[in-house]
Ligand SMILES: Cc1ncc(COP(=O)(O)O)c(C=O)c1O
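One chain comes next, on its own, written as structure tokens: the form predicted alone.
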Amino acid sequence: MSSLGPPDRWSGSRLRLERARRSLAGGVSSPFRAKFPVPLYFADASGSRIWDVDGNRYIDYTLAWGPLILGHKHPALVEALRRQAERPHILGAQHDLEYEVAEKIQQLVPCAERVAFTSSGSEAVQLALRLARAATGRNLILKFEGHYHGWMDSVLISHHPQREQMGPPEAPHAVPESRGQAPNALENVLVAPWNRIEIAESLFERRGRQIAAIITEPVLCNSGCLLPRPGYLKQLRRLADRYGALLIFDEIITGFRMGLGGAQGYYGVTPDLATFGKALAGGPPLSAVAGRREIMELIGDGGVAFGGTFNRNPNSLACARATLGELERERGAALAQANRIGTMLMEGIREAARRCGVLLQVTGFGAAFALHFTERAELGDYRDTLADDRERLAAFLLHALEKGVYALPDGRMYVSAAHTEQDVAETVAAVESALLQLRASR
């Protein structure tokens, strides 16, 4: 990899952060980005590589926190944006891209009898929950510890609670996560540990006729990229059916990443509703709710209010059409490439850790996985990840960043169709060097 600049290799980013703090609340546009060593400012990117303002080059495994499934500046997206720049940027009315992209989602996603577009994943989740409550006439939502469904009051509950806040797994507490969050939001939410069907069944035995929906990430990407246990998603499907509740998959991350049909296609479990985002447009802001016709048609004539000036904006939909077209070409070759390269990288990191004598778990699937410094042999739910050594992870990520590997601060790594076997070789070498440095510092 290229050399990484002077001793203070991030001086340009530090100076920009100082300036930003004088005008921008918190200094960054999303607090999740305010991490070590300094929130980095970037000057350019292409394919799998990204350059910061100080001239440091990295192999990018953040992919803008997930959207860049085709990599940076993919030619198809550049061309789509170039063409759209010469057309109306927003209409506040109907246009052909709306139904063209919706039809493509229908073709790819098992549950997508109807589609509605939003600008963000948080909005999509709110629409899905409103639809579920309208369809069932019930108020309660069952969500799981560690699952992130957006920053709104109604769902920012038990996302990353501390161990002492959680209560026993058989009767967990619902924990709000922000100052200013409305306390009565907790009244409409039940919480359970994930991947433990017996606890969900017990909750339904007590409250099942009040529960409108189960909402779950089908793969727990937001808390360590943990896979569902065999049969677990099918058990949730049966549980919802038994009590007349809906099943909602939050596929903001897994959608158009785990497979063309999302996690629901991969696992063969069809939810009633699903939310999509991130990879849907390959970068520009666009999310969607897809689901059963009779539920989705409650929007408008069925009395379910929903709107948004920037929903279905032509710029994002043009990129969605281009992205889905690229992902679908050659029977899904691009997505297969991303998952093949990612799986190769996961195994390379595991082998590097074994060679270095470092306990390191790598969990997830090829295009989205996470690193855990833990002595646990198995990670099944959020509570298991509380044994992770977070300080050790932070030190490792800093060493890796210095060696040109850019990952998310929670240890997540996203792989795009632009990543190559050469990227894997360089990354594994950098990871092994970082692990040796980490071991030497203990």
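Position 1 is the first residue in the sequence shown; the rest follow in order. All figures in this text were calculated on a predicted structure; none of them were measured in a lab.
From this point on, the text means the form predicted together with the ligand, which you will not see here.
> Among 150, 252 and 278, does every residue place a heavy atom within 4.5 Å of the ligand in the model of the complex?
Contact check passed for all of 150, 252 and 278.
> Go through 206-214, 343-351, 113-121, 359-367 and give me the stretch that gets within 4.5 Å of the ligand in the model of the complex, heavy atoms only.
Residues of 113-121 come within 4.5 Å of the partner.
> Answer with one of 188, 311, 195, 222: the residue that has a non-hydrogen atom within 4.5 Å of the ligand in the model of the complex.
Result of the distance check: 222.
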